[in-house]
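In structure tokens, the next block holds one chain alone, the form predicted on its own.
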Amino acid sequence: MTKLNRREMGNSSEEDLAHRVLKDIKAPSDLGLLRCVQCGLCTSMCPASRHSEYDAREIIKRVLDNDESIIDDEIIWNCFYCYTCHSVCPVGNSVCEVNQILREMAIQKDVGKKQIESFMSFADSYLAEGLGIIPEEYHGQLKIDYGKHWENLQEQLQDIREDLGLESMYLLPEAKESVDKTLEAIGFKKRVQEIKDVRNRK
């Protein structure tokens, strides 16, 4: 079903959750959501379904049943985005792509903003440096996980880059300014502030 055909549908069909997902800009035109036969192949191959209460087949069933509570359900945040469900689906559906859209719907509500607030330190690094770097608050855990290897990397990173003939990983001021303007124009700064406002209201 093409996006044009979706727009041509009557208002009643466009109002349900499945059609709102299909109309989303992130939904590919060939997403087989409405063709789902609930065969369960997605769940049988899904690592998130194997290691948590996440059930890929159930996610799609709830969307098709117009169950709006799925948007507020924390279970949608267990998807790894590995696209295994996508690769095995016989009708071309993709639970991970549906999940991405459900998460964006959740982010429009405070429940979704709360789910991603722990990543705000990464957002701050984009705003401060114009690129993604591992925030200092995660260094302690990385030191536990990687021991001396992490310490050596941190201490010798610039030397290693120079040995490899790489320039500084940090942007030149003019490039940083350009990135900053882009982040402003696309609404990134506004979104970050909205998420922080939710955290501050706790």
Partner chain sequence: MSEKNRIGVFLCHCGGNISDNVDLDYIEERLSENDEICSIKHHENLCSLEGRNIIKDQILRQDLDRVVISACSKITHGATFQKYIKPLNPYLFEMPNVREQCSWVTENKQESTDKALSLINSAVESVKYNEPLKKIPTSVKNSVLVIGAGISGITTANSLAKQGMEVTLIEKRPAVGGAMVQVGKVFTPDKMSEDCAACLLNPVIDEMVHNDNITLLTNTVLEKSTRNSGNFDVILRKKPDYVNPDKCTSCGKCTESCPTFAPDEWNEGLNDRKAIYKPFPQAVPSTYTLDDESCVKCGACLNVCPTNAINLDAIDEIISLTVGSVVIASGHQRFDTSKRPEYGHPFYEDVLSQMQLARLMGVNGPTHGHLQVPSTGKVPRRVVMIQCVGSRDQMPEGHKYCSKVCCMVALKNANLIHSHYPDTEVIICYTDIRTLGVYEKYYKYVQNNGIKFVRGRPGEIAREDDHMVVRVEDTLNRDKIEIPTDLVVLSAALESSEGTIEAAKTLGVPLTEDKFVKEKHPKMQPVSTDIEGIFVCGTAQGPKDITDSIIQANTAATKISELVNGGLEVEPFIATINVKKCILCGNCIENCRYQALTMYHNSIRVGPIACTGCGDCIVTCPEEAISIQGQSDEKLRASIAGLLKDKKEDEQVIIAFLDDIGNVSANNMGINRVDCPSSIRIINVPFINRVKYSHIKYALTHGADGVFLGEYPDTPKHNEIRENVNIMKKHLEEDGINPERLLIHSVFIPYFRGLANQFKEFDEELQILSK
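Residue numbers count along the first chain shown, from 1. The structure presented is a predicted model; accordingly, all values stated were derived computationally and were not measured.
From this point on, the text means the form predicted in complex with the partner chain, which you will not see here.
- Within 4.5 Å of some heavy atom of the partner chain in the predicted bound form lies at least one heavy atom of Glu53.
- Residue contact check for Pro135: none of its heavy atoms lie within 4.5 Å of the partner chain in the predicted bound form.
- Interface residue remark: Leu127 is not counted as part of the site for the partner chain in the predicted bound form, having no heavy atom within 4.5 Å.
- Although the partner is absent here, Arg161 lies well away from the partner chain in the predicted bound form, with no heavy atom inside 4.5 Å.
- Contact annotation for the candidate site: Arg35, Thr43 and Arg57 all lie close to the partner chain in the predicted bound form (heavy atom within 4.5 Å).
- This chain lacks the partner; the member of Cys82, Leu131, Val88, Val111 within 4.5 angstroms of the partner chain in the predicted bound form by a non-hydrogen atom is Val88.
- Interface residue among Cys39, Ala175, Leu157, Leu166, judged by heavy atoms within 4.5 Å of the partner chain in the predicted bound form: Cys39.
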